[in-house]
Structures are given as structure tokens and as C-alpha cells.
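First, one chain by itself in C-alpha cells, the form predicted on its own.
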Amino acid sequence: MSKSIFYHAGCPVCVSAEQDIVNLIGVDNVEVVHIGEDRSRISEAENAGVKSVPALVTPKGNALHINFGASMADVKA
């Protein structure tokens, strides 16, 4: 993976974190995935270690949970 991937579900906490992440690491260095809109990416996020959103998965595969917006169980419901 060459870019970080930022997973979120569209809640206000997630949207705020998305803006901060894009400003910090640059739009060219992060792929933003709204799993509330693209539910096909939920299993990808879980396989990457994402337990709650918003979360950032680094190019080395580390899942960084930024702030608690929603658990993956809530997102899947």
C-alpha cells in the first residue's frame, strides 16, 4: 500500500477528522473511504484491523483509531 486509507462513516466526528487528516498528510497521500456509502469496503477495513471509525490505516498496515465515532458493529447494522 502506498497511501494511507482513512475509513469513516460520515458522522460529524468522522468528517472533522477527515478534514484534519487531509490537511496534515495531504490529499495525494490518503484515500478517503466513506464506508457508510461504500459498504463493500467494510470487510476490507475490518481485515486491516479497523475496530471503530474514524480510523487511518498507514502504508505499513498500522490501524490508527483517531476518535470514537462508531464501532464497526454499529456501522454494519
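Note that residue numbering begins at 1 and tracks the sequence as displayed. In this text the structure is predicted, and so the values were computed from the model without any measurement.
There is another form of the same protein, the form predicted together with a further copy of the same chain; it is not shown, and what comes next is about it.
Novice: Given that a further copy of the same chain is not shown alongside this chain, does I66 nevertheless sit within 4.5 Å of it in the predicted complex, heavy atom to heavy atom?
Specialist: I66: yes, in contact with a further copy of the same chain in the predicted complex.
Novice: Any of the heavy atoms of I25 lying within 4.5 Å of a further copy of the same chain in the predicted complex?
Specialist: Result yes; I25 sits at the interface with a further copy of the same chain in the predicted complex.
Novice: Heavy atom to heavy atom, is I21 within 4.5 Å of a further copy of the same chain in the predicted complex?
Specialist: Yes, I21 sits close enough to a further copy of the same chain in the predicted complex that at least one of its heavy atoms falls within 4.5 Å.
Novice: Flag L56 as yes or no: does it have a non-hydrogen atom within 4.5 angstroms of any non-hydrogen atom of a further copy of the same chain in the predicted complex?
Specialist: The answer is yes: L56 has a heavy atom within 4.5 Å of a further copy of the same chain.
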